[in-house]
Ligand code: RIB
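First comes one chain, alone, set out as structure tokens in the form predicted on its own.
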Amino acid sequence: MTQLPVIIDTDPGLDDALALIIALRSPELDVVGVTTVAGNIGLSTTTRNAGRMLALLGRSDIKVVSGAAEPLRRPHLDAAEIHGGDGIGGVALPEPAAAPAGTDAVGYLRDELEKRPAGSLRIMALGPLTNIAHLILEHPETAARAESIVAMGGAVRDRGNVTAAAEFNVWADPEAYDVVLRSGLPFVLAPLDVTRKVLATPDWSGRLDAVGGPLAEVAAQMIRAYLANIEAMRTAKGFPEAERKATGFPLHDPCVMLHALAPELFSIERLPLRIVCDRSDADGATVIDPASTFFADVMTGVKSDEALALAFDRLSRG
């Protein structure tokens, strides 16, 4: 089997944690390293959570390098009400077996890209694209050596999940997304349009529980934590009782891994895009703009049942 070398840039985060399990239980992927960014929660916590997940998975040999604590041009705003104050919904995990390998994620990305053949290393981005934007701005020729950047982010034809217009990862640092889009690097986007169709229902997580084993149990606990947090948030915001329960946990970040494992499950459109960075009500929107000269390959369809079956297979391993 030929493995695809990848670096995972992440802000764990419940769905990031599930994505890490899938990646590290997939022999098709060679996870070279993990870089962290502030997003779902602050940088120190996302970095700790990355180390904790690697400890759970028995892969503390993989380097964790922390990166940007703030977006490019605005303050950091988190999503703790969804992911919990610890970023992983209070699910018990081991502590990291090793300290982070450094604090210069951009330098780490640069070095890994420079020492490998051009076009051989994929960057899988699960959070705001702040680290990737810094890489492009500071080392554009090196950034161009990436095989591609595959990112979970955006709401192209669908409604946002932070505002009506914006998905969280783009909304958290729209300027970074704009830098990546304008760079001309191969850029693949997994937006809410697709990730909401890969829905882990309570019954689905119950099947994980039934499988048993530490990873399946942790994955099921994380899904339950997400569902409980959504209900608590909606209750606090005064949602009608009938609308408080979530129907399931959209596997947002895992879609980046599932696409790498089985690209045939996803339909792609090459679309001209524009990122709104004007701090208006549309701030953070990912807009299809025929006048734009900047394009991304956007996942716009998915074979949901098959994607869920693949996710279940990898989450229930080990």
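The numbering used is simple: start at 1 and walk along the sequence shown. Only a predicted model underlies this, so the values are computations on that prediction, with no experimental measurement involved.
There is another form of the same protein, the form predicted together with the ligand; it is not shown, and what comes next is about it.
- Proximity to the ligand in the model of the complex, taken as a non-hydrogen atom within 4.5 angstroms, holds for one residue of Met152, Ala219, Ala176, Leu135, which is Met152.
- Looking at Thr36, you'd find every heavy atom of it more than 4.5 angstroms from the ligand in the model of the complex.
- Heavy atoms of Tyr108 never reach within 4.5 Å of the ligand in the model of the complex, leaving it off the interface.
- For the chain shown alone, Asn40 is a contact residue for the ligand in the model of the complex, at least one non-hydrogen atom being within 4.5 angstroms.
- The shortest heavy atom separation between Arg48 and the ligand in the model of the complex exceeds 4.5 Å.
- Looking at 57-65, 245-253, 280-288, 266-274, the stretch with residues near the ligand in the model of the complex, meaning non-hydrogen atoms within 4.5 angstroms, turns out to be 245-253.
- Residues of 7-32 that come within 4.5 Å of the ligand in the model of the complex, judged by any heavy atom, are Asp11, Asp15, Asp16 in sequence order.
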